[in-house]
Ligand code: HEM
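Below you'll find only one chain, the form predicted on its own, shown as structure tokens.
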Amino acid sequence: MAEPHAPPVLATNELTYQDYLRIPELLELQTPRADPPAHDELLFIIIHQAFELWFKQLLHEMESAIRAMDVDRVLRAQHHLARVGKIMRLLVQQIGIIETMATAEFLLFRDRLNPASGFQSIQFREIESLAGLKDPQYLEVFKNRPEFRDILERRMGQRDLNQAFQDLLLRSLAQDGEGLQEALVRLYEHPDGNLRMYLLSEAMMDFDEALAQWRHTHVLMVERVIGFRRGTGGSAGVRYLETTLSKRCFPYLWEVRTHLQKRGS
């Protein structure tokens, strides 16, 4: 007789956790290249594969937010972007795991990466593009790999968060002859007048801030692990990454703070 709290026995053809998540296939995707083996190479691969899985989810949420804004579903868009911000903050924390890797340990397998580099992450470039940071220079990186270039080119031609948000804001709030900045000033000086749009704007800001924190933390991690060596993909390494720190996806949401006036309660 079975124990009253024993786990149920699976039927032969019953769907399992392993089947649903395709765990056996997933665990076969980590293939270290160092010979002799380097202990930290598995960590390096898993962390970056995890980044790419989260990037996939970020793109899914960003696409959903754009669709929601285009049909005036403000709270639904805010929901998706709030999740985007939380994922980005999780990724900031994940960088700390890479910092447990000593420089000497990384150098045991770093040469096996050449010329691959995180600089080449297609999904991260897609995230930037969907956020409105469309930079055609990255198309040149993949000019010899048309299958990757085509993905990025298609993404750059798509409607982005900036376009969807600005259209929604002007459609919802702008008065006659009023532009984006004027509508934003009114929104931020009187948030109770349209709380849904205010919450959406702040979710956009949370994402932008978390992405900026990710860039900053990433620069510090790279400097800590490899110093000022050139990147494996041929970039200037830390010096290149430092040039990205001033990027903002939604600069008008940062700028509007400068123009706000005190208001009565």
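Throughout, we count residues from 1 along the sequence that is shown. Owing to the predicted nature of the structure, the values given are computational and were not obtained by experimental measurement.
Keep in mind that the form predicted in complex with ligand HEM is not shown, yet the notes after this line are about it.
In the model of the complex, ligand HEM lies farther than 4.5 Å from every heavy atom of A68. Under a 4.5 angstroms non-hydrogen atom cutoff, ligand HEM in the model of the complex lacks C249 among its neighbouring residues.
Shown alone here, L241 lies within 4.5 Å of ligand HEM in the model of the complex, counting heavy atoms only. Using a 4.5 Å cutoff between non-hydrogen atoms, F119 counts as a contact of ligand HEM in the model of the complex. Contact with ligand HEM in the model of the complex, judged by any heavy atom within 4.5 Å, is made by just one of A212, L220, I226, M205: I226. Of the candidate stretches 195-203, 23-31, 39-47, 59-67, only 39-47 has residues with heavy atoms within 4.5 Å of ligand HEM in the model of the complex. Residues of 92-113 lying near ligand HEM in the model of the complex, listed in sequence order, are I98, M101, F106, the criterion being any heavy atom within 4.5 Å.
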